[in-house]
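Starting off, we have a lone chain in the form predicted on its own, written out as structure tokens.
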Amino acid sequence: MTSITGSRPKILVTRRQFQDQVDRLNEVSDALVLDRPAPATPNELQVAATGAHGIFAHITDTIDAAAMDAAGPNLKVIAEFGVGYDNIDVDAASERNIVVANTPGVLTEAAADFGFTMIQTAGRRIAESDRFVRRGDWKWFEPLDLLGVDIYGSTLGIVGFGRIGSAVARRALGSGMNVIYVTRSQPEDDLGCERVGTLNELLERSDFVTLHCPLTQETNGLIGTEELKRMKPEASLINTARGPIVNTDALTAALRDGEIAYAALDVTDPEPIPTDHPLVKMENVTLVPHIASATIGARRKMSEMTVDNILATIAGKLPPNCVNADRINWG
């Protein structure tokens, strides 16, 4: 793939971004930033992408074949602001010789901090206790009110032992938890944690189950009615990965019927969760708006890496974090 010459390339930035990173793009291209409260609709995205050489994409964008064809033959790179890129049709991009890149590694520690925070939030009923106080229900010290479960000495089951999953394990081990896990591939370092043979075994043994696997065809709906029934009635489910990994209706029923005790969700299906959804009204649920990587440092570095991926491709180089390099013609 050769560098882009002639007129300045157009780069579509689908959401508001750090201005200094937009400035970096504008040094060598014309950046079109969709600075608006809500994500673009598919039709709006296609119109905005027309003639684009690159797309700075976000999880709220569906970058499918229609969007790529709307951009046209100039499109060379789709750079995702984040690690997960399930919103991009990588097969369609590869067929069109379009690079797809992401930002791995940079948000690991921020996401792991948050994941462990959600474990503690579920175990100690933090959000529920906050609502208790704000409603004016706290009248006096009550020794049997809002009892949670011990973090220390409990068993944490981690589904997906990649960068983030193993970083959560480090935090859990430091807090005296027993850690078991399931994962697709052999980790470089299991940190002394126990790898179990099946998801069912993990669900049956864990006091807390936390999800850190990517969203794929295999993991879509991974946690459904039967899986939730295998969990302990006092157990909690934490999801900071992707909403569709958990069947929302099944989770709602399990929480309502006492099959599990608690859920702490950074991601939902649908996302955002409608305000009239039954989960929103449940006391034994913590809901937050997809903020696992939402620290200034992590998000700024994600933006820098996304721009790095775009600028490299414009210059005719393999971007630092290309996910489909083996399927692209670089001649």
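This one's a predicted model, so the numbers in the text were calculated from it and none came from an experiment. Position 1 is the first residue in the sequence shown; the rest follow in order.
Just so it is clear, the following notes concern the form predicted in complex with a small molecule, a form of the same protein that is not shown.
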inquiry  = Taking any heavy atom pair closer than or equal to 4.5 Å as contact, tell me whether Thr268 reaches the small molecule in the predicted bound form.
reply    = no
message = My question is simply whether Gly148 lines the interface with the small molecule in the predicted bound form - judged by any non-hydrogen atom within 4.5 Å.
response = no
query = Are any of the heavy atoms in Leu107 no more than 4.5 Å from a heavy atom of the small molecule in the predicted bound form?
reply = yes
message = in the predicted bound form, is there a heavy atom of the small molecule that lies within 4.5 Å of any heavy atom of Gly82, even though the partner is absent here?
response = yes
remark   = Answer key: of Leu34, Ala70, Ile59, Leu287, within 4.5 Å of the small molecule in the predicted bound form (heavy atoms) is Ile59
query = Looking in the predicted bound form, is the small molecule within 4.5 angstroms of a heavy atom from every one of Arg242, Ser293 and Arg299?
reply = yes
task = Determine which one of 252 to 260, 202 to 210, 219 to 227, 82 to 90 lies within 4.5 Å of the small molecule in the predicted bound form, judging by heavy atom distances; exactly one does.
result = 82 to 90
